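Given next, in structure tokens, is a single chain: the form predicted on its own.
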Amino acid sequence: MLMHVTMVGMQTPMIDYLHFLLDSVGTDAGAVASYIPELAHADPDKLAVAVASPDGVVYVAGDADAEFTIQSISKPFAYALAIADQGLDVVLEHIDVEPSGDAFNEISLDPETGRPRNPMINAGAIASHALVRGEDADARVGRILDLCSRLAGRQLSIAEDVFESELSTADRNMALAYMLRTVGTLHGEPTDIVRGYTRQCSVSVTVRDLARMASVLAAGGRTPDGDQAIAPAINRQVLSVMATCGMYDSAGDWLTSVGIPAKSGVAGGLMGVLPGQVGIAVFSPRLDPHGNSTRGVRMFERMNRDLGLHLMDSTDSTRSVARRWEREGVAVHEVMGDLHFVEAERVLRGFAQDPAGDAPVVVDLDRVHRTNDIARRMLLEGIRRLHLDGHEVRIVDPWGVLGSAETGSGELVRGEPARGGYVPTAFPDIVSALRG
């Protein structure tokens, strides 16, 4: 079941940030994918972004309900299903995992083995589709559609108009399929396999769907409902290949500058996964020369700068707990563990449960010893907004994790660290309510 944030008090800064992000990317260069007639009619000005947490909360901005076809973003999921059906060793006999350095539709095969370079280019994706179990194209597509629907949290469907349009121009993919059969990599009837592959790419999605699908990959293949939809080892393999090959001939630049596993599609979608933390999706139909969404790439680059989402900067974020409770009219937000982006987002989600008014709010950071810069800024902004909503805010921060930054009217309870807690120097009534 897809979760959305219900705001009873302040609006979380995440929503404002996403609107700011859309405004920051400027005018769009590039062009829509005109080689597919139906995609040539896409509205080039559509723009949307969605961010999904592993526990099912999705934040959106822009044209978040606009539907578009998944296209090559389907490749990681078909690859996962092929591994689940055949085993990794069998799949590796048919498809390599090396970055090709070529465009998505290039003829890129290992000269000795005849294997496609990786499953993210068309040749490898066609081979992946053929390895999904099913007696014909419809059966294989049905299983891929079922997996994508499980990850999206709703039943997805095929955009038949795009499928028919794309199939009518699938000569190059048909040639790739026949070539793969010629070298012994593809088993099956090429026309049937290309038909199925084209339908796989014609699944209709929104950025909400893609962000939620990405969040499942971020959670090791487990959905917010607790369904292990993709085995952890397969999930790891998929993310590894996305990181090195998902952005085609710009994959190296992407990994160094943005630094998260990602996959793009020629309809303008772009999906990114920060393992253990968040799934992100953007949509803007105009493409750059690599076949990636121009403004989509721009948004990811901006998020990396603003939110510190680079994979090589990530640390284990599973040791943090945030909970909200009330006692004698005082709302207490108790936070434990190290804080990074995803933990700070959960704390802000708790702040949003406090209705506007003058009720006291305590933010207890007694059990937080480390926080990175983006988490600190997010907490300070949340505290500022609690104050603007009328709350008397008190911050218990004996370790100084918030530094000396401005906290609105939130007054710091510093004190001296002591065994089992701290020795307060102010606000004994608040501390008494806190400790009970």
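Here the structure is a predicted model, which means the values were calculated and not measured. Throughout, we count residues from 1 along the sequence that is shown.
Below: the form predicted in complex with ligand GLU, not depicted.
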Among 230-238, 165-173, 328-336, 346-354, which stretch has residues with heavy atoms no more than 4.5 Å from ligand GLU in the model of the complex?
-> 165-173
In the model of the complex, which of the listed residues (279, 285, 76, 265) lies with a heavy atom within 4.5 Å of ligand GLU?
-> 265
Quick one: of 122, 294, 223, 206, which gets a non-hydrogen atom within 4.5 angstroms of ligand GLU in the model of the complex?
-> 122
Does the 4.5 Å heavy atom contact test between residue 71 and ligand GLU in the model of the complex come out positive?
-> yes
Do residue 201 and ligand GLU share at least one heavy atom pair within 4.5 Å in the model of the complex?
-> yes
Is residue 197 close enough to ligand GLU in the model of the complex to count, meaning some heavy atom within 4.5 Å?
-> yes
Is there a non-hydrogen atom of residue 248 within 4.5 angstroms of a non-hydrogen atom of ligand GLU in the model of the complex?
-> yes
